[in-house]
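There is one chain below, alone, in structure tokens, taken in the form predicted alone.
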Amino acid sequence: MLVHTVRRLAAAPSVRMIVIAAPPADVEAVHSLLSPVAPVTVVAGGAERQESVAAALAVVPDEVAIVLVHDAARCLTPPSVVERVAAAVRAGADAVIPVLPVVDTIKEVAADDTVLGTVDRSVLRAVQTPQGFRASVLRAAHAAAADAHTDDAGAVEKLGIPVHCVPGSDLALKITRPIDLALATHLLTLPDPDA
């Protein structure tokens, strides 16, 4: 998954530097795996996502104005999504996330599994990565974060900074379950829509 992720990031013209946060014991192995694919910097990540992003952010030079945070679990994200996110930050947004409309009916459910109501899905979006930020905004969000967050845009929201949305991609599915892996494996056999 890492190889596919790095290959797609490197294919995006806006990407100038790729920093990977790896388990501390695997830093050298990850660097050896990825360096033939693209130039990468590999750092020791933390126990939580937030710590890993902070470790990667720490090696990004101060002159880099835009930072994208991506998950290897979304290894099929097309370079076009990366470009949409970067372009929106370049156009003036402080924080940008790729999203898809929610297509399923969503129910709010009580602790005893009874339905409390149906949520209006027209205002809901499924969030993907990469999430893009002005580097100064992302650094400020990490410095101010009192609790762990699962998504950097959420930390930026807590600062009161607007987060803008751009269209995501069905190909940017998150691989977390066996069925996701089976679908991703099948998608790799199809022609690349960004090629």
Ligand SMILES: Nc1ccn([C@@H]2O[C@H](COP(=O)(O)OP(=O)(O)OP(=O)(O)O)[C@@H](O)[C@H]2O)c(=O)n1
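Since this is a predicted model, take the numbers as computed values, not measurements. Note that residue numbering begins at 1 and tracks the sequence as displayed.
Separately, the form predicted together with the named molecule exists; it is not shown, and the next lines address it.
- Remark: of stretches 134-142, 154-162, 28-36, 63-71, the one touching the named molecule in the predicted bound form is 63-71 (heavy atom within 4.5 Å).
- A residue is said to contact a partner when one of its heavy atoms sits within 4.5 Å of a partner heavy atom; residue 147 fails this definition for the named molecule in the predicted bound form, lying far away.
- By the criterion of a heavy atom within 4.5 Å, residue 170 is excluded from the residues contacting the named molecule in the predicted bound form.
- The named molecule in the predicted bound form comes within 4.5 Å of no heavy atom belonging to residue 58.
- Looking at residue 185, you'd find every heavy atom of it more than 4.5 angstroms from the named molecule in the predicted bound form.
- In the predicted bound form, 46, 47, 48, 49, 52 are the residues of 32-68 with at least one heavy atom within 4.5 Å of the named molecule, listed from first to last.
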